[in-house]
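Next up is one chain by itself, shown in structure tokens, the form predicted alone.
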Amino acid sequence: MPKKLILRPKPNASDQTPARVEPWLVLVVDDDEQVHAMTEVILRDQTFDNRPFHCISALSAAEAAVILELSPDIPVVLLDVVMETPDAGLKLVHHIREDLENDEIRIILRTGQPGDAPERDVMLTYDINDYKSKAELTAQRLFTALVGAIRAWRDVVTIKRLNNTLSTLNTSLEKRVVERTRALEKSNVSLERAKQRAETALVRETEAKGQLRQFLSMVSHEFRTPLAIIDSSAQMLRLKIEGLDKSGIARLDFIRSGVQRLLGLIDTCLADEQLDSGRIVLHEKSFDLTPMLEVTVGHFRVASGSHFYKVEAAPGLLVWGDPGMVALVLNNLVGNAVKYSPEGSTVAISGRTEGSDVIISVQDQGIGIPSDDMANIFERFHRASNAAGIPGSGIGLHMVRQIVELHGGCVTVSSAEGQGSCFTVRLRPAPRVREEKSA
């Protein structure tokens, strides 16, 4: 007959006999008594870590459930599937994991009818640790499976014990930290404020240094390319002129383009620095915006003839502002439209009145601005993530916003990545126009 669970008394300290080594408990759940007998015979003389194995027998899933409630620290269960019901073993697995909440015990499913419980389905559906067919489970394989399961059980128990200890220590430590923190907050309020001021200053200084490094790197790159164009083109032009080749005129235009690019960058950097430091003074007056739009576009028709330009503006579009600063805004917006648009595309510039404002729009068919960059597109040194490989400083749009806001206006952008962008500037009309509109 299979052995039943036996409660063993603790050894008496006064006994002279050596202390008995605690065996590894193995719960065998099977309705076939021969399976119990065979398992005991196989494990009778086996040991692991100098500890023997002791089989606890259960002839049904219900009996096993009672045993596990009394002895939840059993390391391994050898479990049959078909017992009092065709799926009694699988129901016991669910009971162990869900009802008893025992995630330590290692469950080895041992079935004589694999077709009733396919290995793949059972392993994926039930929280078991191993699957063995009785037909192929030799004595050596049974011993190997048990040793592996006991090692895993021992590791799980050790980890859980250490986690419990660590949790207790953490709770105690957190309590001490809270108490200490409260004491420090009461006695060091002024020190905390000074620390926050110092940290804020350090962050600002770090950001400023980062921006300065980025700016210097940009200047080095942006200045080197135009100067290289000037140098190489000048050399070629000299050779052409020496041979009296009239094609040197094209090289001369190339030189002028490089020079204009360098001068434009310098003007932008200087204007941005003056705006940021508050040292710039606007010389405002009433002027006609339409001729300025035509002059700006005319410059780009010569410098960037690979694009098409469309200007729509009514004559007499009077604006109140600094003509030089407004021209710098137009040059930057049109320059960006050209730079970020493919050759052969159209750049559209329009000027109109809307309510009490003068509206300037610059529309391109370029790469557009990613949605993640829209919020920061007017920040100094910010460049869109899709602008890699395209020369630029990240200063122009920041300067545009400063100039427009200094004029009491605003600048906005609407864009779709891959489809183009439209920048819209709102400026104040000349005083006479404002008076006429309000009359």
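Quick note: we count residues from 1 along the sequence shown, nothing fancier. Model, not experiment: these values are computed from the prediction.
From this point on, the text means the form predicted in complex with adenosine-5'-diphosphate (ADP), which you will not see here.
No residue in the set H36, L59 and L109 has a non-hydrogen atom no more than 4.5 Å from adenosine-5'-diphosphate (ADP) in the predicted bound form.
Put simply, of V411, I42, A65, A387 only one has a heavy atom within 4.5 Å of adenosine-5'-diphosphate (ADP) in the predicted bound form, and it is A387.
A single residue from the set N129, T290, N336, S350 has any heavy atom within 4.5 angstroms of adenosine-5'-diphosphate (ADP) in the predicted bound form; that residue is N336. Under a 4.5 angstroms non-hydrogen atom cutoff, adenosine-5'-diphosphate (ADP) in the predicted bound form has G368 among its neighbouring residues.
When adenosine-5'-diphosphate (ADP) is considered in the predicted bound form, F423 lines it closely, a heavy atom lying within 4.5 Å. Contact annotation for I377: at least one heavy atom lies within 4.5 Å of adenosine-5'-diphosphate (ADP) in the predicted bound form. Contact between C55 and adenosine-5'-diphosphate (ADP) in the predicted bound form is not found at the 4.5 Å heavy atom cutoff. For adenosine-5'-diphosphate (ADP) in the predicted bound form, the listed stretch (44 to 52, 378 to 386, 65 to 73, 28 to 36) containing residues with heavy atoms inside 4.5 Å is 378 to 386. Annotation for 340 to 355: the only interface residue with adenosine-5'-diphosphate (ADP) in the predicted bound form is Y340 [heavy atom within 4.5 Å].
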